[in-house]
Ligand code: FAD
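Next up: just one chain, as structure tokens, the form predicted alone.
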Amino acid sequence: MLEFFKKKQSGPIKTESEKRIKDFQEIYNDYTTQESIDQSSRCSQCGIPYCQIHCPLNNNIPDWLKYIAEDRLEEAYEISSATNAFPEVCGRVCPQDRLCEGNCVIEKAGFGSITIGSLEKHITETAWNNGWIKPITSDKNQNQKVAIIGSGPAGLAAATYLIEYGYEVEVFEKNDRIGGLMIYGIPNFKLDKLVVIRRSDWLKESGVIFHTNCEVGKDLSFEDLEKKFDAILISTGVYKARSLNLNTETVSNSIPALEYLIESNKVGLGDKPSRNSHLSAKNKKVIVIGGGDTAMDCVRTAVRQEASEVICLYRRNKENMPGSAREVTNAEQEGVKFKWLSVPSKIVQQKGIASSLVYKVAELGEVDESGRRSPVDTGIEETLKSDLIIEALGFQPENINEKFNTNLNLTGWGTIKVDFNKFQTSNPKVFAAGDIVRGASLVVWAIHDGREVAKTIKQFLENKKVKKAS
């Protein structure tokens, strides 16, 4: 260890931009064994592991880095997977530059952070390739059943731990595939769909029962679930797009980001393309509005769909973007143009088809409640021609009570109100986790919530058993 002053930071080989924009393959290669040893040996094994503190899962990063450096990869994987149900997913999609790597001590000292995400991916892929990852077996048969609504990262993480605890778990998914936004929202060039399918197959082998094309509140009532199951977890995520407030409902070629990404991912998975020609960017001038990771997913997807031009409009500057700096760099390398300090003000349309977008040029003012400097109108307006406008402004929850015919307590934002120590709703039998509780957030936080809610569901069911026995 402590090789950071001898060995330079070196990430995995990245496919050249000219080549990678021609397909949807993941752009980062895996480390060789020697590369992983070299990079993990740079860790300073500092007394206060800020990487671990700033990881939502509190992964024991220094310990598994030490095992990698000693070429003890099976033990490294055991440590990594002890706190993380899906380390291969986090290794690919976590914004490490804002979390573990961004807070690495040797990064702060100017030597370049440990490439934690790439090493996490490496040990998990090695574990899969060597057959170290076996289906979950439990010698505890609790004879109690848990229903999980939604198969995104929170739901699947909870299912992983609940099966391990010995409970019977059934997952209800409204779509035709398992994985939620991991399968339909995140593009293949960031997260290969086979990675998600591999985990869902593993959960099936472990005993989780999945019901796809089954929408609670439509194909099955919430009341029926309450009768049949001992506990229910709602992990539906948030899918309702935030709007531009420019009357885009009447503009057919101004579309929500998720609608666009879902279509692209479905086509990539072999489904027939939609009849809606606006869901493809081919040969179009595309404007994506937003500055988060979803916006970066959209611009990079549009490039691969052979758009004639892709522009990202963001109301603040580059330094104040909420998304991963790494993703912005990848987008720039792939030919995306950025218009910073640009606030959309009007869509020019004719018969429901937008031909251009008018935006106001802004400058940065005082810091707002988000901790970033807010845009201030300069009075200057400019216009961009466009054939397709993609709105990547974030997501908000659907009305859960209306959808499920329930009366759960909700927050002012429409998310489900829970006791964050227990993830328990106003109905003691019903729990909620992930984005439906937090609002739109990171995959790693959803995995965290799934892990923690599984613990509290276990405690709830154990107490229920005790009360029943007495």
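This one's a predicted model, so the numbers in the text were calculated from it and none came from an experiment. So that there is no doubt, residue numbering starts at 1 and follows the sequence shown.
The protein also exists as the form predicted together with the named molecule; that form is not presented, and the subsequent description refers to it.
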Candidate site E391, L393 and K417: all three near the named molecule in the model of the complex by heavy atom within 4.5 Å: no
Position in contact with the named molecule when the complex is considered in the model of the complex, options Y165, F189, F172, F338, heavy atoms within 4.5 Å: F172
Contact assignment for the named molecule in the model of the complex, among P344, P375, G323, G185, heavy atom within 4.5 Å: G185
Partner proximity in the model of the complex: Y28 to the named molecule, non-hydrogen atom cutoff 4.5 Å: no
Distance check, A158 to the named molecule in the model of the complex, heavy atom within 4.5 Å: no
Close approach of V93 to the named molecule in the model of the complex, 4.5 Å, heavy atom: yes
Contact label in the model of the complex: G150 to the named molecule, heavy atom within 4.5 Å: yes
In the model of the complex, segment of 266-274, 177-185, 365-373, 304-312 with a heavy atom within 4.5 Å of the named molecule: 177-185
Sequence-ordered list of residues in 290-328 near the named molecule in the model of the complex, where near means a heavy atom within 4.5 Å: T294, D297
